[in-house]
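Take a look at this single chain, the form predicted alone, given in structure tokens.
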């Protein structure tokens, strides 16, 4: 079986302040979801954003979360510091915004949030145009600091990020991983970690598109089973189409209707497709003739698969149509290399496949373009395995030994910036949700 498995303010306050638009006028501005508000900033750079102190209950926590979400999204430069916040606090108390000061600090936008009950009113100001650019009321539900509350705040951050940059944020997503004999879930910012499976030997968790169903492999008396679990109800059942033997590395189709996984007895493994309900007959997808075929991942349109196969005598990444036809070797054979490429994950935008490749005896995270098959190495420190894409197609979570023990890290594939997500030894086999995960 194959192994499965980142100015303190120099300008003085100007006495003449520009009056802040009234809330009634704010409602007449652009409040359309999913539309970029057209801020002006240099292409290829991150727009500077000032987040004002948040008024209302738990304002400090909300402000800290929004700033952290922007920072971790790697598309916004948060302009902060004590002097910045004092100036913002003074302007808020005067119900006025001095755009001149924020322009001198290279800010493209100012974000102001006020909370009343379960409603947060969000204003986004265009500094260059000196006007309110977007306004919206969002619901912040759940008890403060609960999972529901945190996801509500993260979702607000994601919407603001889309207004400013044109790309929806990934704060309101979650990541599954294995530690010890259990599966855990953690928010994309590293908070809210808790177990979502009981004790047992488990591998390869995967998210369904609905955000509350997961699949994973679990060792039972008769072998490895694929188990489906609803995180909201706690109910689970075993996929019974191929009982016994080895049933591992499940993956959901993008529409959530199908589950693809590897099944084998004693002589290799092949990919099988079954209804995501777990019932009905499974259809064989690959014909490996005694080789291991594992770790399937669907293209965004669900029409094709990428997977690991040992049919060439060593593991490589292959693609095929979802029915198993038109098989093609994706990763190139290199003479003198150790030729071990495995554990692919198809990017949400369909342009790239991430995978792990053995280099000098250690696994590293790589990407390959589907258009011209250009390979790019993303990691080099320690051993790095099992990449999984975020919904934005820019960030990856993966297992790394760079701290001396296995932990989950998050990498910005564009800048190379990495941050550590988990802090308990032994975390591995991450899977990033396609949207908000259920509590």
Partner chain sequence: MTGKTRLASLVVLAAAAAVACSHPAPQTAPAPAGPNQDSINAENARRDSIAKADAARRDSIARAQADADRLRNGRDAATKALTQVIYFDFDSDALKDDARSSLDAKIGILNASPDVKIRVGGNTDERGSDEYNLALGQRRAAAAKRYLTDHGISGDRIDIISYGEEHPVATGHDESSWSQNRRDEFEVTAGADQIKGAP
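Positions refer to the first chain, counted from 1. Given the structure is predicted, the values throughout are model-derived calculations rather than measurements.
The discussion below concerns the form predicted in complex with its partner chain, not included here.
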Subject >> Candidate site 269, 356 and 363: all three near its partner chain in the model of the complex by heavy atom within 4.5 Å >> reply: yes
Original post:
Since the chain is shown here on its own, which stretch among 280-288, 245-253, 148-156, 100-108 would lie within 4.5 Å of its partner chain in the model of the complex, judged by heavy atoms?
Top reply: 245-253
Original post:
Would residue 294 sit within 4.5 Å of its partner chain in the model of the complex, counting heavy atoms only?
Top reply: yes
Original post:
Would residue 314 count as touching its partner chain in the model of the complex under a 4.5 Å heavy atom rule?
Top reply: yes
Original post:
At the 4.5 Å heavy atom threshold, is residue 216 in contact with its partner chain in the model of the complex?
Top reply: no
**OP:** Report yes if any heavy atom of residue 392 sits within 4.5 Å of a heavy atom of its partner chain in the model of the complex; otherwise report no.
**Re:** no
Subject >> Selected contact from 171, 204, 127, 134, since only one has a non-hydrogen atom within 4.5 angstroms of its partner chain in the model of the complex >> reply: 204
**OP:** Consider the chain as shown here, without its partner, and state which of 346, 72, 318, 224 has a heavy atom within 4.5 Å of its partner chain in the model of the complex.
**Re:** 224
Original post:
Which residues in 399-420 have a heavy atom within 4.5 Å of its partner chain in the model of the complex?
Top reply: 406
